[in-house]
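Here we start with a single chain on its own, the form predicted alone, put down as structure tokens.
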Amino acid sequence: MHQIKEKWEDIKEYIRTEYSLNPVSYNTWILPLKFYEIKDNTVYILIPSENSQALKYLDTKYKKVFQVTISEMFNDSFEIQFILDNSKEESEEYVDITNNINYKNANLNPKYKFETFVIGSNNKIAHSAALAVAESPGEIYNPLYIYGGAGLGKTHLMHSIGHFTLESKPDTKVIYITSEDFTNDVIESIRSGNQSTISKMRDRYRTADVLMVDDIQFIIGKESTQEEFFNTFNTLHLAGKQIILSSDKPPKELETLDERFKSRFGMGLIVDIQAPDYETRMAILRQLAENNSKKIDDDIIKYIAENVKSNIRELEGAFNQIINLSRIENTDIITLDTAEKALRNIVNQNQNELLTPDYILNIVCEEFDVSPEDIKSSRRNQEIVTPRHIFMYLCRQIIDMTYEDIAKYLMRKDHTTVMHGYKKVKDDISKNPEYASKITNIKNKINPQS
């Protein structure tokens, strides 16, 4: 015990360097932590009173970090327990956050928090960026621009930033609004003809510490709204306030958007969220199943994940359809027959038959200006290898072809080549937002519902 207590500052410094924590994360989460005691090989760590709202976050993100570090440094096995310095008082303060005027005016969905966001390869970069912004609003990634199709989690991340910010700093003025509501506010203030109403509307948005505007693409073409938002953006950005925007496309693909907007939207960080892959769909469904009172076998979850691929909203809808049918039929155990019956109007049984490797190959060839013969050839120059790898990836993603079948289609003897090509594209997607956007656009051309 005495050794850990004496080395406490060294332990924190080791964590800072070993895990490459940026100054904001370290000063916010690690530096204030204090050693309390050791009991039954459990190290109890005190969280200062002002950080009480972060108890769950610390437990999720840093518990394992401290456990591994302390166990390795002292050559023994330890458990970690975070505790509040003044738990009773602080827990009452935590409950009261919902009565905070800033919380009420933020317009946040209580279900959309980082804790309920399922992280997968399709959204890992966006999640990391959102968490970094939530930890230090206005300091990095400003603006943060998140784009992707409907129902993929953009709104969930925006609300998560809002909740995290208010739970850490309740005095922060956070506003979440859709572009439609922002437009309506502008129209109503102008229609009133009252200068005080216009000033009040402007004051609401231009005094925000964190402003989040969802579906920003819908302000395009609305001159008064565009101008109002442009001035609001400039005011907040110059004041070092955080701006988070979401859209269905990256700024450069919003063709009728003024260049002045495109340049400002690109001043911070642009990240995308793609459709969830099979593993992420399974994780989302398992989370839903854990929160449901009915027993749901893994074969039911697999059936949904294999047949509903477009977005998280439809995935949740399909899950709820099955639950609702089981309630109507008053069955305690959900069978695969129940699932198939519930989803018969959602699942297009012929989808994979309509989408063939030939069709996918033609779309890829058009995109890269190469021929099908080039893709199937043994040529290894980059202008052929890139579309060939993308074709392999899309066949796996869209029509669930096996590596072996793709290899046969391309007249390859060894399917490991296909495995390598698939992994290469998947890795490049996770590292390069522009490349990821290109793949998404090709997927949408092949199958808008994929």
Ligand code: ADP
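Owing to the predicted nature of the structure, the values given are computational and were not obtained by experimental measurement. The first residue of the sequence shown is number 1, and the count goes up from there.
What follows is about the form predicted together with the named molecule, which we do not show.
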| property | result |
| --- | --- |
| Listed residue (150, 187, 83, 267) with a non-hydrogen atom within 4.5 angstroms of the named molecule in the predicted bound form | 150 |
| Partner-contacting position among 318, 236, 284, 275 - heavy atom within 4.5 Å of the named molecule in the predicted bound form | 284 |
| One stretch from 116-124, 225-233, 72-80, 372-380 that, in the predicted bound form, holds residues within 4.5 Å of the named molecule by heavy atom | 116-124 |
| Residue 163, heavy atom within 4.5 angstroms of the named molecule in the predicted bound form | no |
| Touches the named molecule in the predicted bound form: residue 156 (any heavy atom, 4.5 Å) | yes |
| Partner contact for residue 205 in the predicted bound form: the named molecule, 4.5 angstroms, heavy atom | no |
| Interface membership of residue 312, the named molecule in the predicted bound form, 4.5 Å heavy atom rule | yes |
